[in-house]
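Take a look at this single chain, the form predicted on its own, given in structure tokens.
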């Protein structure tokens, strides 16, 4: 068994059949977009950092309700692009100007030859930016991950149909099984379930 339902009492109790399971987190169900939106605001205000909302469709304003800032992928892409520009510039200018300065048809042997280097510099900038964007996005999303612990919860399959789920990870510094379950109960969560790895 990979998930256990916490009792609906004021102090939820853990029911488990494993000996020493590793807890992934706690998930709760919500019945509407308004309910999960307001629950997300309260979880954000409670100071949790490692949690997520799952729904059958995008919910307008959920990023703000969760307190998500701007993505860091653009910064990673910028750094990768500047790296590509630098590599292209050095790759072209060092041999042509410093190491092997060849005068061909009277061309200058200094930085005035840089227009001829633009195609290589441009292509390396785009290539590094693309790789930085893809691998930066994968790293920030902690991917690839072949299986997610929430998939072990049988009710989670309904998220693609009509279910709204808020899951708080056990890695969050503020996570405590009982208090986190109580918070989810307080914000209107139903079927509060402890999820195992």
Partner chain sequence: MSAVATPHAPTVSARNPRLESFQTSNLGPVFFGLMVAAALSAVAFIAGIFIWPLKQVLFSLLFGFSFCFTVSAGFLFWNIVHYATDAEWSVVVRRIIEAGAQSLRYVWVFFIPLLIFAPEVYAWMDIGPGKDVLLDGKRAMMNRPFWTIRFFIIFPLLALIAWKLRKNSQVQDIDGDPRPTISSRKWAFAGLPIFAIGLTFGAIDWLKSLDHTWSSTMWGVYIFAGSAWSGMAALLLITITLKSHGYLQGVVNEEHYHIMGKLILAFTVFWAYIGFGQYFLIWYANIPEETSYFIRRNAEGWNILSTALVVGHFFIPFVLLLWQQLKRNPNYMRFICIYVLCIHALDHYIIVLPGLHWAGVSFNLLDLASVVLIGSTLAFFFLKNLAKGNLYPLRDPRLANSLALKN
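All figures in this text were calculated on a predicted structure; none of them were measured in a lab. Numbering follows the first chain given and starts at 1.
We do not show the form predicted in complex with the partner chain, though everything after this point is about it.
The contact residue chosen from 91, 127, 79, 116 relative to the partner chain in the model of the complex is 116, the criterion being a non-hydrogen atom within 4.5 angstroms. Mapping the unseen interface onto this chain, residue 70 counts among the residues with a heavy atom inside 4.5 Å of the partner chain in the model of the complex. Although the partner is absent here, residue 100 sits far enough away that none of its heavy atoms falls within 4.5 Å of the partner chain in the model of the complex.
For the stretch 86-113, the set of residues having any non-hydrogen atom within 4.5 angstroms of the partner chain in the model of the complex comprises 105, 107, 112, 113, in sequence order.
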